[in-house]
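To begin, one chain is listed below as structure tokens, in the form predicted on its own.
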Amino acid sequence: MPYFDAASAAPLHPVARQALLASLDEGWADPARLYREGRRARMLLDAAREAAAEAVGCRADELVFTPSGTRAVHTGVSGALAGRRRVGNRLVVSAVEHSSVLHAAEAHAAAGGSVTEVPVDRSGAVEAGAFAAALDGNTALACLQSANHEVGTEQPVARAAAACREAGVPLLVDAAQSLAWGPVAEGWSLLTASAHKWGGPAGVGLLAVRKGVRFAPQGPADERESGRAPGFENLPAIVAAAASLRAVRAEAEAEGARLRALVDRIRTRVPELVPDVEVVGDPVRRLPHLVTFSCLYVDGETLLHELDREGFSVSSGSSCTSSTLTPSHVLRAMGVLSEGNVRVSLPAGTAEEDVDRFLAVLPGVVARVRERLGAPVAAPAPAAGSGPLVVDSLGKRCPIPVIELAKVIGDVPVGGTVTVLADDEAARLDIPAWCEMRGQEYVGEEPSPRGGTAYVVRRLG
């Protein structure tokens, strides 16, 4: 069964498995003890730290292992903010950071701090000038991911780092998605990553803090990992994480080129095979293994279930697949179509035949889901009626409001309007996206007296 969700968790690398099994026998003792077993464990821990630091591009004494990538982010953000509290209390983040960064920002704001979100363009990239403009004398820390976890877009880390250096602000880079493919551009002050993203075992994160960065770990003090990651180290997992990081780096150039070609095939073929599809993310400055696209008139959860029935494991940022019924913050920040969203992230070793079969299966799956939802199959005919129309989609979830809009747009004359009443947050993204894809004019939105929001669309000739 093809697994196409490596951005969530990559399959365990063979080298990680071998190292894990070996270190279960050799690395079970306390590395802080001076007897033979403890010294052996300490040697394994030191070797793992050296290997990980080499891959990150830092000194070994600048890197600690944490229980997860999320814990690395939370420790890094809170420690850097506390270390620079005399400078200011402002935290600058991009609007598309991983939820771990945004949750840390929420905690900072709840404690009385200030948070500034820098917007992104439609490809998901931060504009370096806007990021620089958000920095001021009160800024304690800035955060920018190296590449986006949902759409694969690479961020301008080098330019952001230069701006931070000029402003005297440390930059924390979340490198969870990119570290397997190469080192992060120079200039960062703190860096975080997560082993299960590159084929290491779950439960191991990395936090690197450059010497000279003011840093005050929060919470009770602990003598392990420089006081930055309390608790007994999971040494077998750490050894496996470091070994697999070294292994995937050695394979990165060749495997990255091979997967990029497969992803390019998906990016090109999906819009040709499936009508009304938007491929999102930067087509060039992106991770080699990841592609995201959204399908009009499709319930994302149903689409994922149908693909699973066909043997493909993929992910989604559609509101239909979340318990909150709101689109992912990444798609929302980009302003792109969210309904029927599919993220394909290929693990190392993905076969070309599996990608070809995915492309063969996808059109039929999307067509079945659209038919089940009663989606339109043709462009609207010339208007038979006159005057504006109001479509009541209150209480209906994506993609129903857009489907109902598509069905009635032909009932108004050119220049006439359709107002869609909807209380689903996804409509704020999907109705403007539908207009752009179908050549209609999105007039705007206003509060609806019946609740929800009224979205106004004008039919163009």
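If you're wondering where the values come from, they're calculated on a predicted model, not measured in any experiment. Numbers for residues come from their place in the sequence shown, where the first is 1.
Keep in mind that the form predicted together with another copy of the chain is not shown, yet the notes after this line are about it.
Engineer: Only one of 265 to 273, 115 to 123, 333 to 341, 97 to 105 gets a heavy atom within 4.5 Å of another copy of the chain in the predicted bound form; which is it?
Structural biologist: Looking at the partner contacts, the answer comes out as 97 to 105.
Engineer: Does any heavy atom of residue 230 come within 4.5 Å of a heavy atom of another copy of the chain in the predicted bound form?
Structural biologist: Residue 230 belongs to the contact set for another copy of the chain.
Engineer: Though only this chain appears here, would residue 14 touch another copy of the chain in the predicted bound form if you measure heavy atom gaps against 4.5 Å?
Structural biologist: No, no contact at 4.5 Å.
Engineer: According to a 4.5 angstroms non-hydrogen atom cut-off, is residue 59 in contact with another copy of the chain in the predicted bound form?
Structural biologist: Because no heavy atom of residue 59 falls inside 4.5 Å of another copy of the chain in the predicted bound form, the answer is no.
Engineer: Using heavy atoms and a 4.5 Å limit, would one call residue 253 a contact residue for another copy of the chain in the predicted bound form?
Structural biologist: Residue 253 lies outside the contact set for another copy of the chain.
Engineer: Non-hydrogen atoms within 4.5 angstroms of another copy of the chain in the predicted bound form: do 68, 311 and 315 all have one?
Structural biologist: Judged in the predicted bound form, 68, 311 and 315 all sit within 4.5 Å of another copy of the chain.
Engineer: Which of 392, 37, 46, 436 has a heavy atom within 4.5 Å of another copy of the chain in the predicted bound form?
Structural biologist: The residue in contact is 37.
Engineer: Pick from 371, 356, 127, 222: which has a non-hydrogen atom within 4.5 Å of another copy of the chain in the predicted bound form?
Structural biologist: After the contact test, the surviving option is 222.
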